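A single chain comes next, written as structure tokens; it is the form predicted alone.
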């Protein structure tokens, strides 16, 4: 590699306060268009903004969770630009005096070791309105929904410490987990409550010079963040190899074509101190109170899981990534089940099922008590793992007990030895050549017979007992 990538991320996070940042309008951007508006967020003459205490507290908690230093004094500026999504011709943001500086998160690098990525600063700002582009007949039109205008945001500006797509993806993943723990934000890339802009430039490997950067937007998943950065590194490398200059501009990631495309030139308007919003002055006593409201964070929780529950480092990390799952894990353990088995089932079966349904554990009907009863049935050999997976999927959307689902779906495990022996004898009689292969030393045939036995028992056979019978018959 002739060139080295220099990557920095700017991440906008919507805070989940009850109201907007400077008025009492509900913070619900998904409502019927233009329902949640008032003279303040539409910026009618004479309307005076007043900063939400709840939004400020959630912003400070987020900053503390990312190891930032809260500034004794911060203030809002008018970030001036003219666009239909901005009713007053400027955005209230903290350009000159941000809320917090000098944070960091630790990520797992490609080499398996920890790497610390620095945060330059975090500032508060209001969100803009949403533009909706449609077609009326053959005429393209753009509509404006002001429900989102004035929603409280924090913008997290990293240092340019990342060198590859993996580090950028791990940074977003870690940051998202830390913020969710505080309860300040939902941090959903898919729903737009967390938005990532990536600044990417290349420089000759071994040098410290900073070259012209290109900003990439419109990445609505962590995978898309990595793919967009990887594509842009290749594109800029090819430009430099051809002797074409890199021009400062903004590009959009197209997830279908898997390419970045030019969007607009990059420019910044003036930022002037705003006279209408009071400065934020943070006292030591109030800051101590906010620090006391921080929950046990993922790294602390993982360390405790190692110590108290005997998990492996990987299992402890998996169980502490998301606060909801960590709390669910500990609630299940109150039912006196093996900790490592619970962790394995949550991460291997429950998490993928939630991901497929695009849900969090809170959005399903599954409770820790019902999940524990399912694993208890598995422990007692009343059902096998195959049946348990099927029952788990039903528990996500059904209010029935695991026992009711097992009986209704006839998932109960067959552990009658004579019934299983008869089934095995029939299978072996139908496959004499495979029996001969096994006795000649082909151990893989055992898996073939186990598959046939589970199929013949309609997935209800006790796998342990089936293997014991097969081993006895084949030897």
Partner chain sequence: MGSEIYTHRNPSPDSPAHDGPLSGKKVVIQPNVAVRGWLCDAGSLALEGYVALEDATVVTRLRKAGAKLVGSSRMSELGFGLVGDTATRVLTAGEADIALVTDTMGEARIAAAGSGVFGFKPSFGMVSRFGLVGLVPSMETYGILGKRLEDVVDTFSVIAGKDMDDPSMPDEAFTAIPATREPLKLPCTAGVVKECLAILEDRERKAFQTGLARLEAAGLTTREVSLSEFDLFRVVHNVVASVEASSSAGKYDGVRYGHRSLSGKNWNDMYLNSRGESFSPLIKTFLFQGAYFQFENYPAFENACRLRRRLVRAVTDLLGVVDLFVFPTRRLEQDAPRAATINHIYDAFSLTLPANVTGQPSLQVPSLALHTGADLGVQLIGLRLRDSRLFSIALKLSSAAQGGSAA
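Positions refer to the first chain, counted from 1. Predicted, not measured: the structure shown is a model, and the values here were computed from it.
Below: the form predicted in complex with its partner chain, not depicted.
Only one of 178-186, 205-213, 157-165, 274-282 places residue heavy atoms within 4.5 angstroms of its partner chain in the predicted complex, namely 274-282. Proximity to its partner chain in the predicted complex, defined as a heavy atom within 4.5 Å, holds among 115, 340, 88, 258 only for 88.
Out of the listed residues 245, 292, 137, 270, 270 is the one that sits within 4.5 Å of its partner chain in the predicted complex by at least one heavy atom. Its partner chain is not drawn, but in the predicted complex it has a heavy atom within 4.5 Å of residue 49. Within 4.5 Å of some heavy atom of its partner chain in the predicted complex lies at least one heavy atom of residue 78. The closest heavy atom approach of residue 399 to its partner chain in the predicted complex falls outside 4.5 Å. Among heavy atoms of residue 39, some come within 4.5 Å of its partner chain in the predicted complex. Of the residues in 93-115, only 96 comes within 4.5 Å of its partner chain in the predicted complex through at least one heavy atom.
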